[in-house]
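Take a look at this single chain in structure tokens; it is the form predicted alone.
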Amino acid sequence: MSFDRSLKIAPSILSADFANFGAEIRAIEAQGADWVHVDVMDGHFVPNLTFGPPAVKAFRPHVKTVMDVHLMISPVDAYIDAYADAGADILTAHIEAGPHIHRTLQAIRAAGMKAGVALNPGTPAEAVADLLDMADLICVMTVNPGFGGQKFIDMTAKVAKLRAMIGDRAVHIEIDGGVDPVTAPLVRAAGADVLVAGSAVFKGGSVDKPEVYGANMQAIRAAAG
């Protein structure tokens, strides 16, 4: 993966048709998705249960762009190698998920993946101040993690603070939660470059109507500027 700060749309397949993941992934990529975002939930760290390593490994052959795997699980370290084997390009862990996030980021990179760290809405930007040289991505949650389709929580001040802290480091700022054509320009202006969108991308479309996915992504992209 090369680094740049151009706008990237990362549809969350949590909003896709669960019976047709391969075709859904191929459809969103054909319609302009830059990354494919995979939300992993454990029913413990967050109140939902989604994809384990075997499911992520099954997605991998269909993903031709970047597979961005977001772990909403605790503990994390015991599963790093499994998600590396499953083919994750980026593996993101929550700073709130364990006491040794620095070690976790080291282990993710050692396993050959880019390392991300996620911040819940109640966690300040300063929490990652000593991690910026260990991280490739900071994921700012703009909903409380665990479910799709939630209302956007305004974290633009946090995003702007992170952008200033990052400086010229090759670190992405990703926004996850409530992204749509209304909220996208707010976070883009504050400094975000990766926008995760679930329902805003998949609404109204299907593998038989993939052009709707394309139109939805284009609306987000155009609004963000």
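Since the structure is predicted, the reported quantities are computational estimates derived from the model, not experimental observations. Sequential numbering from 1, following the sequence displayed.
The next section is about a form of this same protein that is not shown, the form predicted together with a small molecule.
- When contacts are defined as a non-hydrogen atom within 4.5 Å, none of K8, V159 and V187 contacts the small molecule in the model of the complex.
- This chain is displayed without the small molecule, yet in the model of the complex the stretch 135 to 143 from 135 to 143, 122 to 130, 109 to 117, 96 to 104 comes within 4.5 Å of it by heavy atoms.
- In the model of the complex, the small molecule lies farther than 4.5 Å from every heavy atom of S74.
- The closest non-hydrogen atom of V196 lies within 4.5 Å of the small molecule in the model of the complex.
- By the criterion of a heavy atom within 4.5 Å, A16 is excluded from the residues contacting the small molecule in the model of the complex.
- Contact check for G87: no non-hydrogen atom falls within 4.5 Å of the small molecule in the model of the complex.
- Contact annotation: of the candidates M41, I173, V66, I166, the single residue with a non-hydrogen atom within 4.5 angstroms of the small molecule in the model of the complex is M41.
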